[in-house]
Each structure stands twice: as C-alpha cells, then as structure tokens.
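Have a look below at one chain only, the form predicted on its own, in structure tokens format.
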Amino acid sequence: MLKPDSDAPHVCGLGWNEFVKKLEDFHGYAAPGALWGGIMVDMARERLKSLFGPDALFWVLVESYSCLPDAVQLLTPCTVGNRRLQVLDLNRYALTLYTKPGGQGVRIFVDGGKLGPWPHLQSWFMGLVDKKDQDANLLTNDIRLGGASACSMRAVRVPETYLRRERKGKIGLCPACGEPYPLRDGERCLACRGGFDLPVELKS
C-alpha cells in the first residue's frame, strides 16, 4: 500500500510513489531489496555530490546480484551494458559509488547492528520469517522509514583493477568454434578454453 509522498523519503529526486511505480515497471514488482537498494543509491549519490559536486561522473560496484543492480540501473546512468556497473557476487548487500581517476568513493552497506528498531525489516532480511508469513505493507513501511538508518556509510578507495578501461583490441576467429573473439584472450576464445557452463546446442 502506497503512502502519501509528504511523509516519505525522496529517492534520487523521485517522490516515493513515483519511485515505486518506476521500480515496478523496470524490475517487474516492487521487491523489498530493490526498494531498499534505491534508498542506498540515493544515500551514496548525495554523499558523492557533497564531495565532488553535482556533476561528478561516477561508477558503481555492487556486491550482490539480488535486486541491487536493478536499483542502480533504474536510478543512475550506470549499467552493465556501458560497463559503469560491475557486480561482485559476494552476497553482501552493499554498493560503492566511486569516481575516476583515483577511485575515491563511498560504500553503503546494511548494518546488522542497526536493524533492531525495524522488526519487519530485520525479520525479512535475516530470514527469520517465511515469505508467506511476512506482512508486505509493514515491511515496505520499515524500508521506507528505516532503510537509510539501518545502513552505514564508509569512505573508500577502489582497487586499480576497477579503474582501468579495458579495450577489446584486435579480433580474430577462434580456431575451435569459429566465432569472433578478442585475441587478447589467448589462442582460443574463453568459452572454448573451458570452465563455463554454456548452452548446449540441440541437434535437429
């Protein structure tokens, strides 16, 4: 159930109801993790603005594939496709916004020690109740009112590996599969070198 925008936080310039609607259109539904992720993105963007100005170009590193990448792609110009969003599959609910060069930025993460005042948020995030037993309205209300206060923020510097701009370079045909690939990857494409679970071609 949507609450009036007057008592709700704004998320990256959007009123709460507008944010929820855009998230539903983009993500498929207003998932709790994506709602919370939007608040985290807003926190990080506001901090970066105060440090580097409102027009600072930034990149994003998220530490979970669950919902957070969609919150970033909805609310910022950073996407997987333009390579300004990278995902580390660490299963930690955290994101870092940073600038180049230098890699200075801010990391926002769920702080387990701050969940206590928000029992529905705590129960959902810590897996203390089954999904069928959760009250979606109360959970959303906890996220709306307590999402920011249940997170912590740290100044960080990302490693040099995230600051390099990789270029494909010369392209060749893989001698194993015949498909084009960057020659920098070696004598064969990465798929043919193994280590990936790939689609299997069906024989007609």
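Keep in mind it's a predicted model, so treat the numbers as computed, not measured. For every residue, the number given is its place in the sequence shown, counted from 1.
Quick note: we don't show the form predicted together with another copy of the chain, though the next part is all about it.
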In the predicted bound form, does F58 have a heavy atom within 4.5 Å of another copy of the chain?
no
Although another copy of the chain is absent from this view, report whether L138 comes within 4.5 Å of it in the predicted bound form, heavy atoms only. no
Do C12 and another copy of the chain come within 4.5 Å of each other in the predicted bound form, heavy atoms counted?
no
Indicate whether P69 is a 4.5 Å heavy atom neighbour of another copy of the chain in the predicted bound form. yes
Contact check, 149-184 vs another copy of the chain in the predicted bound form, heavy atom within 4.5 Å, ordered by sequence, gives R154, A155, V156, R157, V158, P159, T161, Y162, K168, G169, K170, I171, G172, L173, C177, E179, P180, Y181, P182, R184
